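Presented as structure tokens, the chain that follows is alone, the form predicted alone.
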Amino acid sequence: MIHSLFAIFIFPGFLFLCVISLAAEFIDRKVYARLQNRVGPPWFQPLADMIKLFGKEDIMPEEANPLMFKGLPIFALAAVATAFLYIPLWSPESLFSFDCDIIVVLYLLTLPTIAFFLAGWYSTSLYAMIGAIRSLTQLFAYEVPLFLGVLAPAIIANTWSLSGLIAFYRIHPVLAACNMLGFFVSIIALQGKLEKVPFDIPEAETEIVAGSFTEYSGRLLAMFRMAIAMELVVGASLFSAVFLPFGFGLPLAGAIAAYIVKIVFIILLSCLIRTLFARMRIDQMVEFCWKYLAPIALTQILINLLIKGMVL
């Protein structure tokens, strides 16, 4: 019992996720700045921002729904933290492995976006409601390519379990290279889930202040920001397990090092995408996802079906 609680709340659970999320946010912001020929923040800046926000007063609009306004940041944070518990990090088994856990992880990663939408809607602010509608519109655009891209490797492995998927690709490492189309589709879709450039339309500060979070401040805003930072790490961890299933058979120190290298690699790809592209309009984003990302993800599905039928 004590061991389980330690694993959930300390390592490799919530506290570890908080620490690595702040480190990932620093890497993301620093590399993004250097790619734009800027200095970027110091290493302690993400932590300083969190401390500053937690020390500020929570201000709630007079017409906002108090229960939803205060509860949604906690809900978003809890959903992301829970998803992390079902992902194998450096061991082939996660803390709570079971059949079809990959579906549960994808479902849990959908909930923060729903929370962003509801937070903006129940803020009763015009800017927040516009940002909320954009968040929900994006969800319907990137979610299908993301699901198709992440689930494609499971077709070859013939399992919906992350642990089973890792076990299969450890035996057949060559087949892991066949999933690269799905990998890049998933990386691009993750930009939409995190609402980062070029899909930062719901939080376009030059248009609608801060989108769904316009009316949020203090601890509530800090929790939303922390949920987004965690979502980057959880998404990178999921992709490293699904598309880069190497390093799991190494000794503990080597396996942890391989895990860190993989998530840093994914973060660097995210920074490169943010640097190369400018913000799209919401209609352009939806068109891009349905006209290009979804067909590419379907192509990955067809390739994997052919491989499964001809090779396995």
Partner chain sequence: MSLASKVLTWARMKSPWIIHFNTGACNACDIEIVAALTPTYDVERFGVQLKGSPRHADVLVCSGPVTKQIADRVVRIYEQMAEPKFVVAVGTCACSGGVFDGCYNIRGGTNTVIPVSAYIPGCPASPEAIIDGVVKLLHSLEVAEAAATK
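This structure is a prediction, so every number in the text was calculated from the model and none was measured. Residue numbers count along the first chain shown, from 1.
Omitted here: the form predicted together with the partner chain. The next part is about that form.
For the candidate set Phe213, Phe183, Tyr169, Tyr142, a heavy atom within 4.5 Å of the partner chain in the predicted bound form is found for exactly one residue, namely Phe213. Among Leu244, Met280, Leu53, Ile256, the residue placing a heavy atom within 4.5 Å of the partner chain in the predicted bound form is Leu53. For Asn65, no non-hydrogen atom is located within 4.5 Å of the partner chain in the predicted bound form, even though that partner is not displayed. The partner chain in the predicted bound form is approached by Arg225, whose closest heavy atom lies within 4.5 angstroms of it. In the predicted bound form, at least one heavy atom of Gln36 sits within 4.5 Å of the partner chain. The partner chain is not drawn, but in the predicted bound form it has a heavy atom within 4.5 Å of Arg29. From the list 244-252, 258-266, 281-289, 45-53, the contact stretch for the partner chain in the predicted bound form under a 4.5 Å heavy atom rule is 45-53.
In sequence order, Glu57, Ile59 are the residues of 57-72 having a heavy atom within 4.5 Å of the partner chain in the predicted bound form; the partner itself is omitted from this view.
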